[in-house]
Structures are given as structure tokens and as C-alpha cells.
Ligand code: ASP
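In C-alpha cells, one chain follows: the form predicted on its own.
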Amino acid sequence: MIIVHGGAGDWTEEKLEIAKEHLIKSVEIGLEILNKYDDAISACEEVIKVLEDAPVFNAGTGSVLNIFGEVEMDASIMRGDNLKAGAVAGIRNIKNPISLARKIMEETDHVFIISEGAEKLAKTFNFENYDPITEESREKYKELKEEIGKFDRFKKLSEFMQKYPQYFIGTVGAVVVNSKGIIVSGSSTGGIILKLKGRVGDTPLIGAGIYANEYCGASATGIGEGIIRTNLSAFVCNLAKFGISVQNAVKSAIDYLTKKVELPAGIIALDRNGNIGFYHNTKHMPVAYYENGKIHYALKFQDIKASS
């Protein structure tokens, strides 16, 4: 089983159509790996690489820029059978941050490496130098840089988001389970547009942006400050551990976040039996998943029920 998301937020119809194509393609590639090798880790990595390489998402190529016009990318990956994880934050010059996160998980004794240290490690692992900034990212930056002066950028993020919701989308994530029941979760993002330099959101934080145990895997999206404060992905996986269905778990988690911190968020989840759940408090969250021999696409959980 595979489920992937392209980020919770207020998407335009045009971008949703582009996102749909890439999300479905990513599931197809993940399925090929599972069918050939039954390798949940490689499937999760490759699924997310497809999405990092698609500029429609805020991850890898096309990541949004911080207040100084720089890119700072985050990613993480975790396997549920042994709780091994790898994460990277604030990296600027590689194509696929998810691949470096995997290297950290498998080739080092560490979990989380940031910024300059992560960039030096990428060189050690022979990652090619790459500029992920697109012309569209630069145009978004120029347009909003003029507007942010009307807001207190240290405290009025919610007001800024309300005026420009279309710019707060695109974090990507995936959850995969193989035939042995090994669950792997992953996520990648460019963070929040015009964020303060050095800001780290939920994506690379194990338990917040992603989590996986032997019962469930989850990948979150939205404004990281709310996801961090509720430890959203671990919240879902711990509910599943105690017998709550994944759909009830994701709904309970998002309802709790909405009540407590009032920030936009969404989450996908998959249990070891292949049951799917996803939920969000935003207008959209494009999702693709494999079930009953078919790849499906949905924007809300009701669409899953309609296509099953």
C-alpha cells in the first residue's frame, strides 16, 4: 500500500490538475519498487523524489524562499519496525533532500543534521551541487516581499496567510507498507514562504512532521508551528497503536489541533493492514493512493469512500 499527499492548503484548480498528474505518477513508481523488491524504504524515497522534482510542490525544486530570498529545505524519513529515522533541515544546494535524510538514517549514528553540517555531509556522500530555486519561486518572493512590510512578520503569520493562502501549499509526504508489514513514512518541504532565516517547521521533526511504528505511519502537512505543538504524526500513530482506526485517528488529531492552535494542517496515515486515513482542516489536500488494484486520487476522505 502507498498513500501520498501534495500539501494542505488553498490550491488553484490549475495547480491541482498538475499536482494530480505527479501524485499518481509517484504512486506508480512506488508500486513498481514494491512489486520488484518489496522495499518500503526505497519506495518511500523514490515517491518523494518524484514530488521534489515537480516544481508545482513546495519541496526540492520549486521550494519557496525565506525572508532573504534564500532556499532552506527540510526532509525526513522513518521506518516503523525499528524506529530508525533520518532528517535534514536548512539545506540549500541539493536536488533531493529526502535522499540525504535516508543517508543520515542508514549511514550515520545520528538522526537530525542541519544547515552547513548537512551540506558538508551531502558532499561526503557525493551529492551533486544543485540550485533548486525556480523563476516562479523568485517571482513569488518579489511579489510578497513588498507586501510583508504591512504585517508584523514575527507575530502576524496568520493574517499574512489569510490574505495570501495560495502561497502556503505544497509540502509533500508519503507512507508506504510492504508485504512484511514494514511501514515507512517520509516528507519534504521548502517551509513557509518569507520565513525567518533558520526557521525549522514540523517536516524534519520526528513525531511532528512524520512518524512510524509497527502499527501505523503518518505524514503531516500545513503550518509547522501547529503540527509541532501537537506532535501530530505521533499523536495519530499512538492512537492506532491502541486500536483506533487510522481514519478516526487522523480526524481526532486534526480536530484537536484545530481546537488548540487554530492553524491549517492535514495528515495522511496508513496502518500495517493497508487501511488508509487522511484528514485536513484546509480547503484542499491532494492525495493519491493505491487500493484494491487501482490508483485513486482524492481531495477529501469522502472521495476515498466514493471511489472504493
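None of the values given here were measured: they were computed from a predicted structure. All residue numbers are counted from 1 along the displayed sequence.
The next section is about a form of this same protein that is not shown, the form predicted together with the ligand.
Using a 4.5 angstroms threshold between heavy atoms, Ser233 stays clear of the ligand in the model of the complex. When the ligand is considered in the model of the complex, Leu205 lies well away from it, no heavy atom lying within 4.5 Å. Within this chain, Gly86 is remote from the site of the ligand in the model of the complex, having no heavy atom within 4.5 Å. Proximity of Gly201 to the ligand in the model of the complex falls within the 4.5 Å heavy atom cutoff.
Looking at 118 to 126, 97 to 105, 133 to 141, 219 to 227, the stretch with residues near the ligand in the model of the complex, meaning non-hydrogen atoms within 4.5 angstroms, turns out to be 219 to 227. Checked against the ligand in the model of the complex, the residues Val71, Ile192, Ile182, Ile113 give one hit for a heavy atom within 4.5 Å, which is Ile192.
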